[in-house]
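The chain below stands alone and is given as structure tokens, in the form predicted alone.
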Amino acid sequence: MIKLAIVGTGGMAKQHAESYAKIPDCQVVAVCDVDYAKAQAFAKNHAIAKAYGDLAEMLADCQFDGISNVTPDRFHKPVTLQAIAAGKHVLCEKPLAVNAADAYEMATAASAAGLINMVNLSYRDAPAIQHAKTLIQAGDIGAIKHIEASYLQSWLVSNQWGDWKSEDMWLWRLSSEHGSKGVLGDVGIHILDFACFPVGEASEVYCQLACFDKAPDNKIGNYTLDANDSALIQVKYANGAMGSIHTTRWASGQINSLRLRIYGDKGGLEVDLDKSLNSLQICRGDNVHNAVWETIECPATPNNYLRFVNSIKTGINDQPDFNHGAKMQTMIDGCFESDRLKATIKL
């Protein structure tokens, strides 16, 4: 039996608890939150035996193998390092840290301790993106030349997820003073990973960020609305391919849409998670001459929670690990630096 603890009871914690509950030989035995009442309520809702309001107390008092770190971004590093020092494996929410230096420090600490370490880049759970990588590695579309990727949300113009003008859970995401790094820091990590995972690492980035006017003086209550809400990124890959990646919160008609197109010298493929998590489109072979696309149903793949549990069981660290999370944070940092300097940044 693999025993786990969840640290933090925010929005994603429910997903962690429910996902672990579906895994045989896995049990969440404790939950911790600085708001002890929230930890107690979460424990009751998910049939978790113990609740704590202090991480050090939980680490000293309760026996378990690893943690899910579901705390806010700025706490990822201290919570993770404290867990590693106590000999616990860690699955950490994305982004791994608030900057690349902290992320690499976390990766180094986990490696030195010989502990399983993973970052929850949740769109890796889609069979379509996993099979896209398999097809590309098999050479089905040849040498990769061009990549186009987008992550589009519409909550600045839509009430589908609530009224952002009156709800703290949205307003803080628009304010750098409240810890937000904008759409790039929030969901950019997902689309950058999405665009790199099947193809390979990037070697340089050029990024333009924008923060459009949203309210009088761009203020609502205690929130100054200054965090970026749109990002355009040009990427050069280590293999020489070129990529265009963009993300925004202004995309009417797109609730939460990820799309990836990859073109090689023998064909192309497309992953559109709005259409399907489990299938992709491919144009290859003689079909390239007539622009005929076929649908491929993709084999099932374990989600990150199952990968984490299996890694603890086997001692073999699955992907995406902390080192990869740090590389993605390097890309994010490079994008911010590129926008500041109005220059291409080598990674």
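Note that residue numbering begins at 1 and tracks the sequence as displayed. Note that the structure is a prediction, hence the values are computed from the model and not measured. If you superpose the two forms and keep the largest set of C-alpha atoms that fall within 1.5 Å, you have the rigid core.
Another form exists, predicted in complex with a small molecule; not displayed. Remarks below refer to it.
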item: Sole residue of V29, A41, C283, V34 within 4.5 Å of the small molecule in the predicted complex, by heavy atom; value: V34
item: Residue among Y237, Y206, F75, W155 with a heavy atom within 4.5 Å of the small molecule in the predicted complex; value: F75
item: Which of 109 to 117, 267 to 275, 89 to 97, 138 to 146 lines the interface with the small molecule in the predicted complex (heavy atom within 4.5 Å); value: 89 to 97
item: Contact test in the predicted complex: Q329 vs the small molecule, heavy atoms, 4.5 Å; value: no
item: In the predicted complex, S230 touching the small molecule (heavy atom, 4.5 Å); value: no
item: is_contact(K133, the small molecule) in the predicted complex, heavy atom dist at most 4.5 Å; value: no
item: Interface membership of Y263, the small molecule in the predicted complex, 4.5 Å heavy atom rule; value: no
item: Core-superposed comparison between the shown form and the other one, Y223 Cα displacement 2 Å or beyond; value: yes
item: Core-aligned C-alpha movement of D274 between the shown form and the other one, 2 Å or more; value: no
item: Rigid core superposed: H178 CA moves 2 Å or more between the shown form and the other one; value: yes
